[in-house]
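Single chain ahead, written as structure tokens, the form predicted on its own.
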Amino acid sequence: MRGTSSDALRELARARSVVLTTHINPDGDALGSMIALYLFLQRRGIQVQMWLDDNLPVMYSFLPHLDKIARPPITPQPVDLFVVLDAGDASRTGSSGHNYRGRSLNIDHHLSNSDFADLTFVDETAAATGVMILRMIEEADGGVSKEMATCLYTAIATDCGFFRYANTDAHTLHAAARLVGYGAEPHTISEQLQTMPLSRITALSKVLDTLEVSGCGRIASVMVPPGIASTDVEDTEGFIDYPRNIAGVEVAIMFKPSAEKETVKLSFRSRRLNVSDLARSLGGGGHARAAGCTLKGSVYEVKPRVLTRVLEALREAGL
């Protein structure tokens, strides 16, 4: 059932124990929104846990309370409310989505949301789930701490490319301004996100070595080489922006193979094509200009099929 922010707040208020989770391969919106809601619920005296079935990206190590995020338990755990943030399908949460017993609430802003939860609060017009969490906290009591503000500013700024992407509107900028008023420091957050270890720079150089441009210059793709150490492979957020920024490119794709799981994670970015529809046709989802999916098989099996499908989508869209 779909509901409003008020419905979501009532659901949270009725719960004595809450588990928060988000999607695998978490980004700034996923982590920032989850931690901010965690702090809000803690303040209200609710017993709350955070689960994540994935590693934490190094670039977000400055966020507070990361040490409170735990792997999901092996056996299902009873909770009053299981909350999934920034994910439109339960499969995007890994094992977290299977290891609980209780009611579920989904707070999300993706067009491709599958309405998998008992209660779903979706706002496709929001630039980030962080915008929605901010509104909920303000609606509940208006008290946004500096830690919450830091988390939510990170959530919003990263999901709209620091206010460069098409999802940046007046509501997005107004939300960011309010968070600065609550204590978020844009220059500090930006500096933290732009500072990276040498290993990540090395990984980026190896990824860019795989750059291929096809479709008469309209498609640019990169691959995370299997030879990169696992610690580097986990922290590749933002790498896809490099092929996306090539002049004439309509769609950028990043292939991220996992030999252990025999799968390939795909990330899509576009200028005009609706890649949410494209990703949904491949079993994934996301936003109009940023989406992704996971396909079974090796990258050498998956890549030709995906490039063909992207070229077809461009032709169908007249691009």
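Heads up: residue numbers just count along the shown sequence, starting at 1. Given the structure is predicted, the values throughout are model-derived calculations rather than measurements.
Just so it is clear, the following notes concern the form predicted together with a small molecule, a form of the same protein that is not shown.
Although the partner is absent from the chain shown here, 265, 285 and 290 each have a heavy atom within 4.5 Å of the small molecule in the predicted bound form. Considering the small molecule in the predicted bound form, the lone stretch of 207-215, 136-144, 88-96, 181-189 in range is 88-96 [heavy atom distance within 4.5 Å]. For the chain shown alone, residue 274 is not a contact residue for the small molecule in the predicted bound form, no non-hydrogen atom being within 4.5 angstroms. Put simply, residue 49 is far from the small molecule in the predicted bound form: not one heavy atom of it is within 4.5 Å.
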